[in-house]
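Encoded as structure tokens, the following chain is the form predicted alone, with no partner shown.
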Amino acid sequence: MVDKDNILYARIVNKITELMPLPETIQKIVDLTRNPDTPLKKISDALESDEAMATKVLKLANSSFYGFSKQVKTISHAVVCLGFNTIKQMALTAHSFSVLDKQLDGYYLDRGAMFQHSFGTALASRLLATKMYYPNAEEVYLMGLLHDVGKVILNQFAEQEFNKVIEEYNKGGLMFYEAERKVLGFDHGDIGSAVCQKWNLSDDIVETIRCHHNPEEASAGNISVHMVHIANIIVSIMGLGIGAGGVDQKISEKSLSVLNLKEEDISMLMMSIMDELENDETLASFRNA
């Protein structure tokens, strides 16, 4: 828990809507999808009002990941076929590309590496959720996609303080997020959690982003945090978009226990994730948008 008197944290949180605003169209979709009784036409209308966003969502709907036998040509068709949660996930994926596709010098991440890691973690999280028969795999996908969004804010807003974080990390003995906590009093998960709260995302997403490095700190009933925690580390081990501290993480024994996973299961998951990434053209689709 972040100290309520932490001045830097308070300054950053107060500036989140300025530093990382959620576009009006996506905010409207997020708000509409919180109510299961919302008419599908309202969601279609909201998307269709933003031509650029509608085009990106249709590209995603027609990607190999969703495997439709016929082309999805209209937003209304996409909403009917895919449902509320998937449409919300697609809209946030489209927006997240512009947010995450940046060079983050503080984390030693070249442009493209952050989104590659985040997207890989999203796919891995959804794969885990599907294998565990989790009822809302699309929300777990979003958690994986946004788990490191706080890094973008810290890289931009705490540049001077970050030099001290790197010095502390280079001394050895601490994982990078632990060095953040020691120097700043909070880590990128805390900031990412605040971003998701400002965006009016679900409480489960907010908590999972905050605890993705420390799943033991999450609520007892939060299963998704263990999926995102493991997915994040697997994708790092695979070398996808790793930066500062990316290879020094260890999988929580509690997460393995909660999900009933063994070492051989992790190896199988890596193979499945690599297959999904090789067959998915989402990254190329956004690059060419």
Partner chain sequence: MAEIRVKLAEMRFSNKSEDTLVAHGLGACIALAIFDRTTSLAGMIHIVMPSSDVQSKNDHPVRFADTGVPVFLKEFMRLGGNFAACKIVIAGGANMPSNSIFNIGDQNVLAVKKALSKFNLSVSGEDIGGNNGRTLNVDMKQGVISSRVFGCPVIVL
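Positions refer to the first chain, counted from 1. Remember, predicted model here, so these are calculated numbers, not experimental data.
One more form of this protein should be noted, the form predicted in complex with its partner chain, which is absent from this view; the next part is about it.
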Within 4.5 Å, heavy atoms only: does residue 277 come near its partner chain in the predicted bound form?
yes
With heavy atoms only and a cut-off of 4.5 Å, decide whether residue 41 touches its partner chain in the predicted bound form.
no
Taking heavy atoms and a 4.5 Å cut-off, does residue 221 contact its partner chain in the predicted bound form?
no
Is residue 263 part of the interface with its partner chain in the predicted bound form - any heavy atom within 4.5 Å?
yes
Listed residue (134, 157, 84, 108) with a non-hydrogen atom within 4.5 angstroms of its partner chain in the predicted bound form:
108
Heavy atoms within 4.5 Å of its partner chain in the predicted bound form: which of the stretches 55 to 63, 26 to 34, 250 to 258, 41 to 49 has them?
250 to 258
Any residue of 179 to 217 with a heavy atom within 4.5 Å of its partner chain in the predicted bound form counts; write them all down in order.
none
